[in-house]
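In structure tokens, the next block holds one chain alone, the form predicted on its own.
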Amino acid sequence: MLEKSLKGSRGYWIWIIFLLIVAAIGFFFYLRQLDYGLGVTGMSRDVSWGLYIAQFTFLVGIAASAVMLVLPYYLHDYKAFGKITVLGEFLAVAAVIMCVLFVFVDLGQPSRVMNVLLHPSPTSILFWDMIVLSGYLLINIFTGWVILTCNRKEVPPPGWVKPLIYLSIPWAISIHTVTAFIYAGLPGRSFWLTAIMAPRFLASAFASGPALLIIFCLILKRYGRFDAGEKAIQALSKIVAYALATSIFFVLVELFTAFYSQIPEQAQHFLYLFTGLEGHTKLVPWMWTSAVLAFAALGMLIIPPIRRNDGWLAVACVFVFVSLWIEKGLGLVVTGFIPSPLETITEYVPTGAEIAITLGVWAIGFMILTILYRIFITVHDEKENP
């Protein structure tokens, strides 16, 4: 079915060429980073995780969010999700591939990835993160492709696919839980040392992932001749609203714990985020933007007339996506290093090379997703118009 990706409109090919150009620019800067080292980035001895790991953390949540389609459709027979379950699985495939690429570019020397395979350490969270991400990628590739092939032939899926689908449900939870444990398992970083890190990750994932899928469904409805159905879109938007409300609640719980307890190590990180610390305010406008967008999106999603309007729904979903990208990306990752355990403040600002490489990886992910969605749309058209 791969040949179906070679058929598309002029706009489709312009989009593909644009993504190829962005990816090529990112690859050029990656070659510079490979030659010079991570010194081309804004990272330092004090802030050793930056834009790359922020994207990795956020995209693991996007990948895990496919479970919000798989679980209702396969366990509860919610037929409204039948048309878009494969779209969710393909989104998970693209997201996991981007996660892997961001780990590669963050390591500096890609050969170091082999150390995880050549010298496995079951006591390392990073080892288990590699296991769950690799397994989840394979599960979604196999199940999504097999189900799409069966839909094309109008035959039921083979019996061996169902166990894989059921396995993907707890596996999706595991990939983001293990990622959360990478942070929560570092006792020297008080900002991450919280028992609700994994629930926070899952709540934000179940808001940002479905929000992104709604945006794609609305784009496909307008430009791809594919209508996911109002019932499916509205059900997804309710999931986004509930998950976003839970995510906001978890952040407020963290704020209460930090400030009511009056433990300086806890409060300093949040002060840096929202008011600045000792004149250092690089993330303050970003975090207030995230907060405003989150509350605005929640207000729009819980009001039925606004939620049922495709235009306003798209705006709300963009707000959700951007808000959680800021909060769970730069806000969560960078702030864990500021201030350091020695109470020094070293601010982090990504460099142009870092941003170019990041955009290049996103371009590769969107290219994979575009090709997979092109195949899906072509199969759907052939089925609807034989």
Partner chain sequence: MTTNRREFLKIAGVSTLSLIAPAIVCPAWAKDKIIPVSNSPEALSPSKALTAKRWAMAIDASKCPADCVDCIAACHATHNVPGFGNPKDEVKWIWQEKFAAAFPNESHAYLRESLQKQQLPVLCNHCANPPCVRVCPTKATFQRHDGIVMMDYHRCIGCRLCMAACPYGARSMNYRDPRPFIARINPDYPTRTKGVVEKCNFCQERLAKGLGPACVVACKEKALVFGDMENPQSEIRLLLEKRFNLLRRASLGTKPQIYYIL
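Computed from a predicted model, the values in this text were never measured in an experiment. Positions refer to the first chain, counted from 1.
The discussion below concerns the form predicted in complex with the partner chain, not included here.
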Check all three, Leu34, Asp106 and Arg189, heavy atom within 4.5 Å of the partner chain in the predicted complex: yes
Region of this chain that lies against the partner chain in the predicted complex, out of 324-332, 64-72, 46-54, 22-30 [heavy atom, 4.5 Å]: 46-54
Residue among Arg308, Lys162, Lys153, Arg112 with a heavy atom within 4.5 Å of the partner chain in the predicted complex: Arg112
Contact residue in the predicted complex, chosen from Val318, Ile345, Leu359, Leu38 - any heavy atom within 4.5 Å of the partner chain: Leu38
Close approach of Val116 to the partner chain in the predicted complex, 4.5 Å, heavy atom: yes
Touches the partner chain in the predicted complex: Asp227 (any heavy atom, 4.5 Å): no
In the predicted complex, Ser124 touching the partner chain (heavy atom, 4.5 Å): yes
Non-hydrogen atom contact Glu254 with the partner chain in the predicted complex at 4.5 angstroms: no
Members of 238-277 lying within 4.5 angstroms of the partner chain, judged by heavy atom, in the predicted complex: Glu265
